[in-house]
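Given as structure tokens, the chain that follows is alone and in the form predicted alone.
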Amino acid sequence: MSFALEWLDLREPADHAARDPSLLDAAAAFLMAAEAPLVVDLGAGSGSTLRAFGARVAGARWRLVDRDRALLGAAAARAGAETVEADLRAVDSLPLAGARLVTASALLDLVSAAWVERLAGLLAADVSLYAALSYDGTVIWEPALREDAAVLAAFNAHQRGDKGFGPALGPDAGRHLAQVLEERGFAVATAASPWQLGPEQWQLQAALAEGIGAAAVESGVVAGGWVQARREAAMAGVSSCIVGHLDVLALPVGARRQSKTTSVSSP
């Protein structure tokens, strides 16, 4: 599946603010311990992960991989990095050769357990994996609405449907990835990376409500009134929202491990 450039641009500031800084720094430190290292970014879209690392990895080479040619064109125009158009479903054919760090952001909740396990099996012993912003099933709105719980349950059920990779891990993605990589001997650290959207991010809140509502409808829940109420509250500047995510960093055994685990508590 693919996403509109407008949606990716709208969410990018929230994504960058949400990423756990300790895991981002640890991934960058591991990468830059090698000379002219290569990052392979899977599901790169317009290159948001590259921009998130920023000056931390000055001098690193990037290979941005996505199936969407238009998004890769935008990424190349913005960053000048190498781009590879590839079908991400064909995990055995992903262009991982030469990578020191493999990254994926807001991707693994769309793929299947089998896909994650196969990717883990392809990682060389000296390669690190940094997977950020995997949705964890948590959405908390203020002010609350009576329909919130039913809409969220329907949305989470939809997240586990087939997105082109087989039955999606959805909210279980980050935890499953961490378990798989630990079983393969990696030193794994996880950290919560929630979106924390205030009234000033009303446009993202409104777009999020529309997307959640559409998914809930596909799961059989009538959500039109809920979407309208959420949009109106966002546009009036009286709502806020927390969306839970999990960041995962897997370092090779023997590499310096930096671990930090946090959680989002309900208000």
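Everything numeric in this text was worked out from a predicted model, so none of it was measured. We number the residues from 1 along the sequence you see.
There is another form of the same protein, the form predicted together with a small molecule; it is not shown, and what comes next is about it.
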Using a 4.5 Å heavy atom cut-off, which residue among A154, L96, A106, A191 comes into contact with the small molecule in the predicted bound form? A106
Could you tell me which one of V180, V127, L88, A168 places a heavy atom within 4.5 Å of the small molecule in the predicted bound form? L88
4.5 Å heavy atom contact, A216 and the small molecule in the predicted bound form: no
Verify the contact flag for P37: yes if a non-hydrogen atom of it lies within 4.5 Å of a non-hydrogen atom of the small molecule in the predicted bound form, no if not. no
Answer yes if any heavy atom of S48 is within 4.5 Å of a heavy atom of the small molecule in the predicted bound form; otherwise answer no. yes
In the predicted bound form, R67 touching the small molecule (heavy atom, 4.5 Å): yes
With the partner removed from view, which of 229-237, 37-45, 56-64, 194-202 is the stretch that lies within 4.5 Å of the small molecule in the predicted bound form, judged by heavy atom distances? 37-45
